[in-house]
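Just so you know, structure 1 and structure 2 below are the same protein chain in two forms, each on its own as structure tokens.
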Structure 1
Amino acid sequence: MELDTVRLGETGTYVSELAFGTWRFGRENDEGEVEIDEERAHELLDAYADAGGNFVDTADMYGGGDSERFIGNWLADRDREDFVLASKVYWPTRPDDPNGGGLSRKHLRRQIDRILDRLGTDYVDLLYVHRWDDDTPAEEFMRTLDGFVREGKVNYLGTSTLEPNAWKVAMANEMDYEPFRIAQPRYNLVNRETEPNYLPMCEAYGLGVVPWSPLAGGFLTGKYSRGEEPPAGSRGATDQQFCDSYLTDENFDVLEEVEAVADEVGASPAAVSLAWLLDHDAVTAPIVGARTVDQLAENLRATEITLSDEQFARLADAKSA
């Protein structure tokens, strides 16, 4: 199986139809265990690249910088030009430093050089603002980000801000600077808050859409059961916030519809949930997360599924925004 490529929004760059997310690289869970160490990270990146994947998503704060470091070390044995690298900036990376987060010119200028250094490259293809910074004038950060593009440190700008910030992204794109060309919202069959405003804004401004948590953090794989404890070792077993937001009756109703379609097409619920996003007109390339090579292999099978119009609509109608 070989991943297809798609155009990255309205840019001239092509990326794999599924991006690979590295949020859990080097990250300690609530019990202080590293979820994905460097050896496992390199196995996952190898498996993704072997399937033809080229679109790798990270952020300056993932694993306290270890995600970017693991990717940079892995890339040292590869041709960097074969990959489209996306990173993000905003969240505090130095909690006791008042200038250690946000989108101020000071923080952005310091962080871009750290990101490039950890990744071992002289440019990133895509730099997202991880969240909106209401304390810094948009004029200040858009101008600074525009400078990064002019200097060749960044090819494209992206935003991973959430609702209700759609209008702020539109406002920034009306300025006379390099615009945001890609949006990275949370979007999956149970998180539909982007549908009324955010996705229409993306379409109106020509932004590509690269959804995060396409499997609702693993909920849509079907490994959680109504009224039962999360399976050992799963995200739900170590993350109460995940349980509170995802393990709800309303979401289990959606999962039942996903499982019904999965039976019909002979695939897993994870593959069907990803296939729904792959078929979605508004979506460019969902970011798959996986903790093991087996999970990744199962998720990549989404590209082999064809949903009928009726199945697509049933899944879409299982929950509304």
Structure 2
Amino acid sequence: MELDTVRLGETGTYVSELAFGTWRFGRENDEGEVEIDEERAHELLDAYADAGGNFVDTADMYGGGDSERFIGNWLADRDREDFVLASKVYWPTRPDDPNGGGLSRKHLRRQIDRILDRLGTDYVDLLYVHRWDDDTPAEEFMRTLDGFVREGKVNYLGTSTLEPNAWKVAMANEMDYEPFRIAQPRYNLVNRETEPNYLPMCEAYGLGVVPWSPLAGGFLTGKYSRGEEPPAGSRGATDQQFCDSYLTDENFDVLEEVEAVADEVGASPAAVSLAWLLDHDAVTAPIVGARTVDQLAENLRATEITLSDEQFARLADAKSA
């Protein structure tokens, strides 16, 4: 299996058709256990790179900075120029410090140097604002981010999880600064809130779309069944908000259509759900995450699936059926 490359939005950079997300690297669960330690993180990164992957997604707050450190240590034995690195900034990183979060110039300037230090690089290819900051004037953070690009610390700017704020992204891109080139919204077969306004805004302003949660937090993997108790240890068994959001009749209608198409093409529901995004004209490169190398291999298999126009339409229409 060898991942193809796609153009990163309308930039001149090319990335793997599936990005690899590292939000679990160094993350502690409710029991205080690290979900993915550095050794397993490196195994996953090795497997992704061996499949031709080059687009690695992280954030300054993942694992309290350990995600970036794990990636930086792994890159030390590789050619950094072979990879496209994306990170994010916004969430508080200094407890009890009123200037320790958000998109103020002070916080951004502090964080960019720490991001680069942990990753062991002079620049990141893509820096997202992880959330919009209504307490900081957009001109302040756009000017600051523009400075990072001019200084060579960042190649491109992106926005993450700003679905209700399409007009704010458009406003920022009308300023005389380096614009946002990439958007990272939540988008999958059951989370379609981006379609009425956000995706059209991305198209109008030429933003590439790199969706997170392409499997709806695991719902689209097929592990859940209508009318049955969620599997022990799953998010559905431990997270009431997840249950309320995902374990609905409407979403099970979608999942059952996914499972039907999966049977037709001889693939897993997860692979079919990812294949739908890969075939989507508005999508650049979905972000996949995995706890194990086997899970990653199953996700990457999506690139080998060819959906017919009829199958693509059935999946797209299942949400409103």
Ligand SMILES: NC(=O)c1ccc[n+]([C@@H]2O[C@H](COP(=O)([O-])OP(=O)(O)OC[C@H]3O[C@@H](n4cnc5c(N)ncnc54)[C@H](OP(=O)(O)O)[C@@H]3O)[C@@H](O)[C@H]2O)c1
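Quick note, the numbers are simply positions in structure 1, starting from 1. For clarity, a rigid core is taken as the largest C-alpha set superposing within 1.5 Å between two forms. Everything numeric in this text was worked out from a predicted model, so none of it was measured.
**Q** Pick out the form predicted together with the named molecule: structure 1 or structure 2.
**A** Structure 1, which is the form predicted together with the named molecule, differs in this respect from structure 2.
**Q** Examine E229 after superposing the rigid core and state whether its CA is displaced by 2 Å or more between structure 1 and structure 2.
**A** After core superposition, the displacement of the E229 C-alpha between structure 1 and structure 2 reaches the 2 Å mark, so yes.
**Q** Relative to the superposed rigid core, does the CA atom of D239 travel 2 Å or more between structure 1 and structure 2?
**A** D239: C-alpha displaced by 2 Å or more between structure 1 and structure 2.
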